[in-house]
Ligand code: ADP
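Just one chain is shown here, as structure tokens, and it is the form predicted on its own.
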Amino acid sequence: MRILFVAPEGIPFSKTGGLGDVIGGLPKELAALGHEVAVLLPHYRGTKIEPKIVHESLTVPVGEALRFPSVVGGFKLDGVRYDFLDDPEYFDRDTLYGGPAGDYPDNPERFAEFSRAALEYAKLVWRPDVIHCHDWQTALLPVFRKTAYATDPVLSQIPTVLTIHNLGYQGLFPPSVLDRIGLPRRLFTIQGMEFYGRVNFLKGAIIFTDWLTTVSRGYAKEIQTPEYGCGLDGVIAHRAGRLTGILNGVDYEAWSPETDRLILANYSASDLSGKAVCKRDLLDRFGLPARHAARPLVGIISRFVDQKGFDLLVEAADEILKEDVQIVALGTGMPEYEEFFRKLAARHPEQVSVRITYDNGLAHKIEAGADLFLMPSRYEPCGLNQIYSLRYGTLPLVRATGGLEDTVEPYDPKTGEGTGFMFKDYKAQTLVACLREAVRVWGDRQAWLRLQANAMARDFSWRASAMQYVDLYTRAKKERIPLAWASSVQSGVGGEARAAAESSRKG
């Protein structure tokens, strides 16, 4: 099968979050299974490639204008073909989606061009059997395919799959954006792309794509509820027959303590001596006293945003520090949380240290050197760091939500089984109580070693997930949604679309 991935980021070329890791891992595993795989990414300023021309010029309407981006790349890495859409005016920028002042104001045009160019690429450069899109930045691809390209003899035969990595990011813009990107105003209806007076890119894809996936079974269920559906729960629930949750895998070639080149000492489940070396190194890197190495060390690697549960940590921090733990934190995000960590470290210089940045080398050192890894997320579609932590014997302390609940087995004091620690209620006191239990178990050396052995034995490699995607692609080829469905949405009389929209609006 020929599978085309269209994504706004992917390692090793570009990354802001977990989506980049997925695009670096899943295509490689599909190629290892014998499939032909291509990945199309924007050519950003930070994309370090030799820009060999693959296709000189694509003709891409964006509103009333025509743009002529080229395609560069055409090389293979780990069996996967990589191509890049090259339009310096749109993508030759310091960052991917925005700067200190916020999102780039022309993001709708940038990613409308990218989505439509990907369809031209599929016609003229590399013809796939299925197109796999990711998040709101490529959500217009299924919309364009069922509108502007509805009668195209090539593209009408190619199904689309959309993966929602995080429903909290939907691509919301004013109604005028439809004219700017070249979509008809008739789509601005409750059963189309209208969302409380704005245009919602992701909603358009949910309606128009052939199949939907999200990145864990738990999250697939959660986003059909008002609590986690971000206003789209009704629309998603009405497409539940075309929705599946497939857990993200991880790349153990990059994330394994036995082979990791970014940590001071390698180790394994059968010989954990190197982990103690990594802990001392981590304390040194963060400027915390080595004499406290016998205390539990809590690691945090995250975006500092509400979704990740940092409001709980703000409330719980003083009680947590009474447990005689140390905390190292790495990340960037909302200014109030960055400032919270700075002030906490200033008040407790022997217990807390923070680096307000993203540093891959330090991330590896935290995974290897910490004892506990803290993820108190309000919601978590999948999460990767808790999976990395399992492999490194760094026991996750997580909230029971989404992919965290799917991947971490909570400690059972009666049997001694489990792979980490979990709390359910989104309250500071339940977080503190869970951490106290973890510290208590830390004091029982044999119980802790057993949990580490359990955690390090878990396998979340990409193979099983990739095989599930292959099954889904096969179904997508056989069971595309009919063009009549798309036509009914555009004309404003789609019964299923109307019911979905009304259900969501009532919720």
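Numbers for residues come from their place in the sequence shown, where the first is 1. Bear in mind that the values here come from a model prediction, so they are computed numbers and not experimental data.
Form predicted in complex with adenosine-5'-diphosphate: not shown, discussed below.
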query: Partner proximity in the predicted bound form: residue 360 to adenosine-5'-diphosphate, non-hydrogen atom cutoff 4.5 Å; finding: yes
query: Close approach of residue 308 to adenosine-5'-diphosphate in the predicted bound form, 4.5 Å, heavy atom; finding: yes
query: Distance check, residue 201 to adenosine-5'-diphosphate in the predicted bound form, heavy atom within 4.5 Å; finding: no
query: Residue 186 within 4.5 Å of adenosine-5'-diphosphate in the predicted bound form, heavy atoms; finding: no
query: The single option of 123, 348, 303, 180 touching adenosine-5'-diphosphate in the predicted bound form, heavy atom within 4.5 Å; finding: 303
query: 90, 255, 84, 149 - the one with a heavy atom within 4.5 Å of adenosine-5'-diphosphate in the predicted bound form; finding: 255
query: Option from 422-430, 310-318, 330-338, 75-83 whose residues, in the predicted bound form, bring a heavy atom within 4.5 Å of adenosine-5'-diphosphate; finding: 330-338
query: Any residue of 20-36 that, in the predicted bound form, places a heavy atom within 4.5 Å of adenosine-5'-diphosphate; finding: 21
